[in-house]
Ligand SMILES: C[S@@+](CC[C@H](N)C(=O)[O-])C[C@H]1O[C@@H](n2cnc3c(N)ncnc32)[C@H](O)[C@@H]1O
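Presented below, as C-alpha coordinates, is a lone chain in the form predicted alone.
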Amino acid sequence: MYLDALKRVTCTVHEILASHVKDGDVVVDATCGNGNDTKALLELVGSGRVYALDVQPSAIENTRRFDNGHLKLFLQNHKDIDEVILPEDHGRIKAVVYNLGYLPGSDKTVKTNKDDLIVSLKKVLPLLAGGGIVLICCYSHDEGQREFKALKDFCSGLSGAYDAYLFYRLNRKDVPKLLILTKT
(Lines give C-alpha, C1' and ligand atoms only; values in the text may rest on other atoms or scores of the structure.)
Protein backbone atom coordinates (compact mmCIF):
# COMPACT_ATOMS: atom_id res chain seq x y z
CA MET A 1 0.00 0.00 0.00
CA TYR A 2 2.70 2.53 0.97
CA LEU A 3 4.75 1.76 -2.14
CA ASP A 4 1.69 2.44 -4.31
CA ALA A 5 1.14 5.76 -2.52
CA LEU A 6 4.80 6.71 -2.94
CA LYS A 7 4.38 6.37 -6.70
CA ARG A 8 2.06 9.37 -6.58
CA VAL A 9 3.59 11.97 -4.32
CA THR A 10 0.31 13.83 -3.74
CA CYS A 11 -1.23 10.66 -2.30
CA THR A 12 1.75 10.33 0.03
CA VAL A 13 1.33 13.94 1.13
CA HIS A 14 -2.35 13.36 1.92
CA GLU A 15 -1.57 10.18 3.87
CA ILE A 16 1.05 12.00 5.94
CA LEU A 17 -1.33 14.89 6.56
CA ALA A 18 -4.08 12.48 7.64
CA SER A 19 -1.78 11.00 10.26
CA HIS A 20 -0.59 14.39 11.48
CA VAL A 21 -3.46 16.91 11.31
CA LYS A 22 -6.51 16.75 13.56
CA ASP A 23 -9.70 18.67 14.31
CA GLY A 24 -9.02 22.22 15.46
CA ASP A 25 -5.53 22.50 13.93
CA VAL A 26 -4.23 25.47 11.94
CA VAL A 27 -2.64 24.57 8.58
CA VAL A 28 -1.43 26.26 5.38
CA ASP A 29 -1.60 25.42 1.69
CA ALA A 30 1.09 27.79 0.44
CA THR A 31 0.41 27.07 -3.27
CA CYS A 32 -3.27 26.13 -3.52
CA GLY A 33 -3.52 25.64 -7.30
CA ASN A 34 -6.65 23.63 -8.10
CA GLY A 35 -7.49 23.28 -4.40
CA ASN A 36 -6.92 19.56 -3.93
CA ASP A 37 -4.52 19.91 -1.00
CA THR A 38 -6.72 22.65 0.49
CA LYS A 39 -9.76 20.37 0.28
CA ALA A 40 -7.88 17.57 2.06
CA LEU A 41 -6.72 20.00 4.76
CA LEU A 42 -10.24 21.38 5.28
CA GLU A 43 -11.56 17.86 5.82
CA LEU A 44 -8.84 17.15 8.38
CA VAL A 45 -8.99 20.35 10.46
CA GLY A 46 -12.76 20.29 11.01
CA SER A 47 -13.32 23.34 13.20
CA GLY A 48 -9.73 24.52 12.69
CA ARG A 49 -8.40 26.94 10.10
CA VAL A 50 -6.83 26.55 6.66
CA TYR A 51 -4.84 29.37 5.06
CA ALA A 52 -4.47 29.02 1.29
CA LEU A 53 -2.42 31.24 -1.03
CA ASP A 54 -1.72 31.44 -4.74
CA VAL A 55 -0.61 34.09 -7.23
CA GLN A 56 -3.16 33.21 -9.90
CA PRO A 57 -6.79 34.35 -9.75
CA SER A 58 -7.93 31.11 -11.40
CA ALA A 59 -6.27 29.11 -8.62
CA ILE A 60 -8.12 31.15 -6.01
CA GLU A 61 -11.43 30.54 -7.80
CA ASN A 62 -10.65 26.81 -8.16
CA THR A 63 -10.00 26.60 -4.43
CA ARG A 64 -12.88 28.81 -3.29
CA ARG A 65 -15.37 26.06 -4.20
CA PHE A 66 -14.15 24.04 -1.19
CA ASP A 67 -14.69 26.83 1.36
CA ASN A 68 -16.65 25.49 4.30
CA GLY A 69 -16.28 28.56 6.48
CA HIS A 70 -12.84 27.57 7.82
CA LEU A 71 -10.81 28.76 4.84
CA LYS A 72 -8.78 31.98 4.64
CA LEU A 73 -7.97 32.42 0.95
CA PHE A 74 -5.41 34.91 -0.39
CA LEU A 75 -4.37 36.01 -3.87
CA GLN A 76 -0.78 36.37 -2.74
CA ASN A 77 2.68 34.92 -3.29
CA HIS A 78 3.82 32.38 -0.70
CA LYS A 79 6.94 34.51 -0.11
CA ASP A 80 4.58 36.90 1.72
CA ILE A 81 3.12 34.16 3.90
CA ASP A 82 3.89 36.06 7.10
CA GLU A 83 1.53 38.85 5.98
CA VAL A 84 -1.56 36.61 5.97
CA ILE A 85 -1.12 34.42 9.05
CA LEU A 86 -3.04 35.94 11.95
CA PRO A 87 -0.87 36.77 14.99
CA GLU A 88 -2.89 34.39 17.18
CA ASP A 89 -1.86 31.53 14.87
CA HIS A 90 1.89 32.20 15.15
CA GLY A 91 3.42 29.13 16.76
CA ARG A 92 0.23 27.09 16.18
CA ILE A 93 0.64 25.91 12.59
CA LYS A 94 0.67 22.11 12.46
CA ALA A 95 1.24 21.61 8.71
CA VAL A 96 2.26 23.54 5.61
CA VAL A 97 2.02 22.17 2.06
CA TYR A 98 3.88 23.45 -1.01
CA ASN A 99 3.04 21.84 -4.34
CA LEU A 100 5.56 23.63 -6.53
CA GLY A 101 5.59 24.27 -10.25
CA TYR A 102 2.76 25.62 -12.35
CA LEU A 103 -1.03 25.39 -12.20
CA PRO A 104 -2.09 22.38 -14.31
CA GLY A 105 -4.06 23.48 -17.35
CA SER A 106 -2.81 27.07 -17.19
CA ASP A 107 0.09 29.20 -18.38
CA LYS A 108 3.23 27.14 -17.71
CA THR A 109 5.38 30.27 -17.64
CA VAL A 110 3.72 31.28 -14.35
CA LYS A 111 5.37 29.00 -11.81
CA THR A 112 6.99 28.96 -8.43
CA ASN A 113 10.69 29.74 -8.12
CA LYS A 114 13.54 28.93 -5.78
CA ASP A 115 14.03 32.43 -4.42
CA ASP A 116 10.39 32.90 -3.36
CA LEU A 117 10.37 29.39 -1.89
CA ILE A 118 13.37 29.98 0.36
CA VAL A 119 12.00 33.35 1.50
CA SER A 120 8.69 31.67 2.30
CA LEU A 121 10.31 28.85 4.26
CA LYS A 122 12.38 31.29 6.31
CA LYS A 123 9.16 33.07 7.26
CA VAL A 124 6.95 30.05 7.90
CA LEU A 125 9.29 27.80 9.90
CA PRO A 126 9.20 30.04 13.00
CA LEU A 127 5.39 30.00 12.82
CA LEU A 128 5.20 26.20 13.18
CA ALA A 129 4.00 24.55 16.35
CA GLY A 130 6.31 22.06 18.02
CA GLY A 131 5.98 18.87 16.00
CA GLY A 132 4.78 20.89 12.99
CA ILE A 133 5.48 19.60 9.52
CA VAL A 134 6.20 21.11 6.10
CA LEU A 135 5.64 18.99 2.97
CA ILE A 136 7.18 20.22 -0.30
CA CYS A 137 6.60 18.58 -3.69
CA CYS A 138 9.26 19.41 -6.30
CA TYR A 139 8.91 18.51 -9.97
CA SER A 140 11.40 17.67 -12.71
CA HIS A 141 11.08 20.73 -14.99
CA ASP A 142 14.01 23.17 -15.09
CA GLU A 143 12.81 25.50 -12.33
CA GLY A 144 11.78 22.47 -10.27
CA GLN A 145 15.35 21.23 -10.39
CA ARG A 146 16.61 24.63 -9.26
CA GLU A 147 14.03 24.64 -6.44
CA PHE A 148 15.13 21.17 -5.37
CA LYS A 149 18.81 22.16 -5.26
CA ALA A 150 17.99 25.34 -3.31
CA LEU A 151 15.89 23.28 -0.87
CA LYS A 152 18.70 20.81 -0.26
CA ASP A 153 21.15 23.67 0.35
CA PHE A 154 18.69 25.44 2.65
CA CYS A 155 17.91 22.29 4.65
CA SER A 156 21.56 21.39 5.11
CA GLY A 157 21.98 24.69 6.97
CA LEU A 158 18.99 24.29 9.29
CA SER A 159 19.56 24.17 13.04
CA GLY A 160 18.89 21.10 15.12
CA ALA A 161 15.42 22.50 15.83
CA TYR A 162 14.34 20.96 12.50
CA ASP A 163 14.72 17.61 10.80
CA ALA A 164 14.69 17.27 7.00
CA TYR A 165 13.76 14.14 5.03
CA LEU A 166 13.78 13.47 1.31
CA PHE A 167 11.69 10.87 -0.55
CA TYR A 168 11.91 10.03 -4.23
CA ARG A 169 12.51 7.12 -6.59
CA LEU A 170 16.22 6.85 -7.27
CA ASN A 171 15.84 5.15 -10.64
CA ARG A 172 13.52 7.78 -12.18
CA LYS A 173 14.53 11.38 -12.79
CA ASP A 174 11.14 12.52 -14.13
CA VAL A 175 9.11 11.95 -10.96
CA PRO A 176 8.34 14.43 -8.18
CA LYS A 177 10.46 14.57 -5.06
CA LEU A 178 8.97 15.04 -1.62
CA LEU A 179 10.91 16.97 0.98
CA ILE A 180 9.60 16.92 4.55
CA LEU A 181 10.66 19.29 7.33
CA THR A 182 9.62 18.74 10.92
CA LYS A 183 10.01 21.03 13.87
CA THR A 184 11.34 19.15 16.87
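Please read these numbers as outputs of a predicted model, since none were measured by experiment. Don't overthink the numbering: it's just position in the shown sequence, from 1.
There is another form of the same protein, the form predicted together with the ligand; it is not shown, and what comes next is about it.
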Requested in this report: Name the stretch: of 111-119, 128-136, 154-162, 43-51, exactly one has residues whose heavy atoms fall within 4.5 Å of the ligand in the model of the complex.
Outcome: 111-119
Query - Heavy atom of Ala95 within 4.5 Å of the ligand in the model of the complex - result: no
Report task. Spell out, yes or no, whether the shortest heavy atom distance between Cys32 and the ligand in the model of the complex is within 4.5 Å. Result -> yes
Query raised in the report: Does any heavy atom of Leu73 come within 4.5 Å of a heavy atom of the ligand in the model of the complex?
Result: no
Query raised in the report: Quick one: does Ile85 come within 4.5 Å of the ligand in the model of the complex, counting heavy atoms only?
Result: no
Query raised in the report: Since the partner is left out here, which residues of 46-61 would have a heavy atom within 4.5 Å of the ligand in the model of the complex?
Result: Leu53, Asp54, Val55, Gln56, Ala59
